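Next comes just one chain, in structure tokens: the form predicted on its own.
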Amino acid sequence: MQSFIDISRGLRNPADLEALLQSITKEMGFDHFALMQHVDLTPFEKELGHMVTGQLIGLSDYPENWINQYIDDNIVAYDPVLLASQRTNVGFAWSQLDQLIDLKRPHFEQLERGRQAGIGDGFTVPSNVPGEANGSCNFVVKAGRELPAKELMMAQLVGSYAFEAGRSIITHAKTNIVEKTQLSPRQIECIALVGRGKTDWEISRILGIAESTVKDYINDAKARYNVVKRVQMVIRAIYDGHLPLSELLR
């Protein structure tokens, strides 16, 4: 996982991210992946010009006929998987769709169309960043295969960092400059402890500072990253290189 983060952090070519995702998707036991923003996908092209020019995040190794059908029929507008991903910030198996949205006949028909195209069960990692188009990273198995249950936590992490890499690539394409968010050493310590599941009170005792000061450090870090969730803050700090993933496992 740390290797994936380290490699993805430095990528500027979308084809390199696509190859990296293909490799780790197979390593986890899935057959295909799709890293997408939930927007009009008509600019999507196999040669990835839409990412080179910073138009949208869009990478997939789904069967080509299914990708074309998905775009031509504007399935993104009523895909039940994408609708469900707007109701949660954590990964979910497609077998849990009925727990997140009220499935209607068009949703079942859409899932069946996917199965006929070779897309069976899947695991979706949402990415809902305030002020930006929603997106997700989807890992799927072919029809008739079961999800690799032991790898779903790994898929959650890979999906989160893959989307960050996609965001970085299109941001760099738009500006040619990606400025690293600056954090103080004390903020980084607080973020690391948040990543280990510590409460503000526990962090204050560990670092020997007031609980209100801990809240100030964390709120300032979230504001710098323009995120509202602590988990998003931790992911961004790791992706920026402020702390290694191993720091959270101590």
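Under this definition, the rigid core comprises the largest set of C-alpha atoms superposing within 1.5 Å between the forms. All of these numbers come straight from a predicted model, not from anything done at the bench. Throughout, we count residues from 1 along the sequence that is shown.
As for the form predicted in complex with the DNA, it is not shown, yet the points below apply to it.
Q: Is D200 close enough to the DNA in the model of the complex to count, meaning some heavy atom within 4.5 Å?
A: Answer yes; at least one heavy atom of D200 falls within 4.5 Å of the DNA in the model of the complex.
Q: Would you classify A19 as touching the DNA in the model of the complex, given a 4.5 Å non-hydrogen atom cut-off?
A: Output for A19 is no: heavy atoms all beyond 4.5 Å of the DNA.
Q: Do R12 and the DNA come within 4.5 Å of each other in the model of the complex, heavy atoms counted?
A: Looking in the model of the complex, residue contacts with the DNA do not include R12, since no heavy atom lies within 4.5 Å.
Q: Would you check, heavy atoms only and a 4.5 Å threshold, whether I209 touches the DNA in the model of the complex?
A: Yes.
Q: Judged by heavy atom distances of 4.5 Å or less, which residues of 200 to 225 approach the DNA in the model of the complex?
A: Sequence-ordered list: D200, I209, A210, S212, T213, K215, D216, Y217, N219, K222, R224.
Q: Spell out whether the Cα of L17 moves at least 2 Å between the shown form and the other one when the two forms are superposed on their rigid core.
A: Stays below the 2 Å threshold, so no.
Q: Quick check on L193: with the core superposed, does its CA move 2 angstroms or more between the shown form and the other one?
A: Yes.
Q: For S212, state whether the C-alpha moves by 2 Å or more between the shown form and the other one after rigid core superposition.
A: Shift at S212: 2 Å or more after core fit.
Q: Have a look at Q86 and R196: in the model of the complex, are their Cα atoms closer together or farther apart than in this form, given the change is 3 Å or more?
A: Those two alpha carbons end up closer in the model of the complex.
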